[in-house]
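As structure tokens, one chain now follows by itself in the form predicted on its own.
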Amino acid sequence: MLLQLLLLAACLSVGLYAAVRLGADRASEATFDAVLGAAAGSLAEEVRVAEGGITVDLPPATFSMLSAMGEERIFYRVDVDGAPVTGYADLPLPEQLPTALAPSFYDANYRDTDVRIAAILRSIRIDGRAAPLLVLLAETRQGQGAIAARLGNRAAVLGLAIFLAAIPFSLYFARSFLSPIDRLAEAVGRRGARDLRPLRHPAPSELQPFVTALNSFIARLRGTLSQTETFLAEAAHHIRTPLTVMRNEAELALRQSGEEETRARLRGLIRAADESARSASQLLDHATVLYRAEQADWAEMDLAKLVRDLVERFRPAAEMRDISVRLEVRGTLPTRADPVLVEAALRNIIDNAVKYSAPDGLVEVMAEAVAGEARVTVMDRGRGLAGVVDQGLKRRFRRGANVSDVPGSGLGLTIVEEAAQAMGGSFAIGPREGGGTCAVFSLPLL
């Protein structure tokens, strides 16, 4: 834009110079023609018929009038009845004779110089008859060129001054025009990858169509994502229901079957149904987290109370495997977050700890305030991470090499990580000293 403005200023400066130079040429030519025509007319009035011939009186005032225009060379020619009477007989004649009403002007090259010639036609009476009188008055054009050059130089200086003055103005107007766009781009750039709220940043009226189109695109994208997440939720529900029925039927058949080979196949079927049902549930959780991350319903909540409720909910499943769950809560933990996201994250952390712990194991859950954060730590003495770094485990459908015999989808830690990022918190998982795993989920305290 700056280059375009400067190019426009340069074109305007060149146009100004050309217009002034052309106007100066025409104005000086018109002025010179007026003076030259008046001088030629004055010279024609001094031609008289006298006894014995033609008398031509060269008035000093005529040449004084021409000398006032500058140091020019003057040539004249007087023809009577088509024959030269006085002056420069080789001075070029006009292509067409002028009328008796007004002089005609033309350019010619005479004696290696450019001259401007005024031609006047009159009639005089000689021997009782009318004879044509043609007066030519020529003047060199150095003065006219000098005047035009001076005006052109002034125009060039003025054009250059305008161009130089246009540089800071161009910078100012370019910045003024682009600054709303920069602020708008900065406002969009500050948004997270999943922030699909309508853009409410103030913008000038010229950018309102762009903002409207951008918000329309965001709305369409949000609608498409919502449809996708709804489809995933419905698909997970419709898949999980027949899997539950199939698992129940397989368990019933397992109790009634006496053949070991059939029982082994039924146990494999039950295991596959469990894995599929778990994968469907995790896909549902993941879809929920993705949607809530973009449309988070923030509210003030006590993280300690939510942890207590979740632990109590997991106790029956843990006790069925003879796993103890120990909870330690140190005070209240007020925070502002989306309860659905927090519950999905903590549920996956505790579920992993119970699932990968050996029978008669212990899962420890601690909720406390540390360095301005509400921190939930879940520790177990299970299989550990088998040397896999936490970033690898947080990717979708990634599982450790030491848990292949345990049903899972590889989405649990991904759900926790995305939920923590959506709420401005953090999540870390690593090996626990002495064996097992330690997972830490943190949110900012109020």
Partner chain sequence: MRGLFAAASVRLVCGVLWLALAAAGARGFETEAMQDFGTGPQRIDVLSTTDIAYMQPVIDAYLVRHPDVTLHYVVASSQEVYRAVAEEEAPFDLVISSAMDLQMKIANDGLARPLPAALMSGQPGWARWRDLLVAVTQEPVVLLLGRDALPPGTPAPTTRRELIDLLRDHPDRFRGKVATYDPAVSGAGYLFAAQDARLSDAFWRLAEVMGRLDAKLYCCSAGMIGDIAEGRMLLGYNVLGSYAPGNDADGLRIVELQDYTLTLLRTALVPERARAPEAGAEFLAFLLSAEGQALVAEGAGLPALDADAFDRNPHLRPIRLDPGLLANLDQITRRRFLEEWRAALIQP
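The structure presented is a predicted model; accordingly, all values stated were derived computationally and were not measured. Positions refer to the first chain, counted from 1.
Only in words, not in the display: the form predicted together with its partner chain, which the text now covers.
- Contact with its partner chain in the predicted complex, defined as any heavy atom within 4.5 Å, is confined among 126-134, 249-257, 78-86, 204-212 to 78-86.
- In the predicted complex, none of the heavy atoms of T335 sits within 4.5 Å of a heavy atom of its partner chain.
- In the predicted complex, no heavy atom of S281 sits within 4.5 Å of its partner chain.
- Contact annotation for A44: none of its heavy atoms lies within 4.5 Å of its partner chain in the predicted complex.
- Proximity of V56 to its partner chain in the predicted complex falls within the 4.5 Å heavy atom cutoff.
- For the three marked residues, E72, R111 and Q142, a heavy atom of each sits within 4.5 Å of its partner chain in the predicted complex.
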